[in-house]
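One chain comes next, on its own, written out as structure tokens in the form predicted alone.
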């Protein structure tokens, strides 16, 4: 993961380095993803979420599209 100030900075970096852009998302989306993804990790009965449950979390924070599809 790379952090940038703006989408324009992402595009400039990609052009300068010839590294393709994967996905762009906001710090707010990253924060919301972290809250939802790790909210139950300290519970005694913790279990790994199913692919479907993980996909719902991504969808809820607006991380949609082919890049974010967990089922290919």
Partner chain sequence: MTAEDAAVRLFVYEQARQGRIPAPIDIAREFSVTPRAAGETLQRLERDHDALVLLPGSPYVWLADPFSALPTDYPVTSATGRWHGACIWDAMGIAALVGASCEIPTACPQTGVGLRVTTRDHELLDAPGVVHFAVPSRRWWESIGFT
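This structure is a prediction, so every number in the text was calculated from the model and none was measured. Numbering follows the first chain given and starts at 1. For the two forms, the rigid core is made up of the largest set of C-alpha atoms that agree within 1.5 Å on superposition.
Only in words, not in the display: the form predicted together with the partner chain, which the text now covers.
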property: Touches the partner chain in the predicted bound form: residue 52 (any heavy atom, 4.5 Å); result: no
property: 4.5 Å heavy atom contact, residue 58 to the partner chain in the predicted bound form; result: yes
property: Residue 8: Cα shift of 2 Å or greater between the shown form and the other one (core-aligned); result: yes
property: Threshold 2 Å Cα movement between the shown form and the other one at residue 17, rigid core reference; result: yes
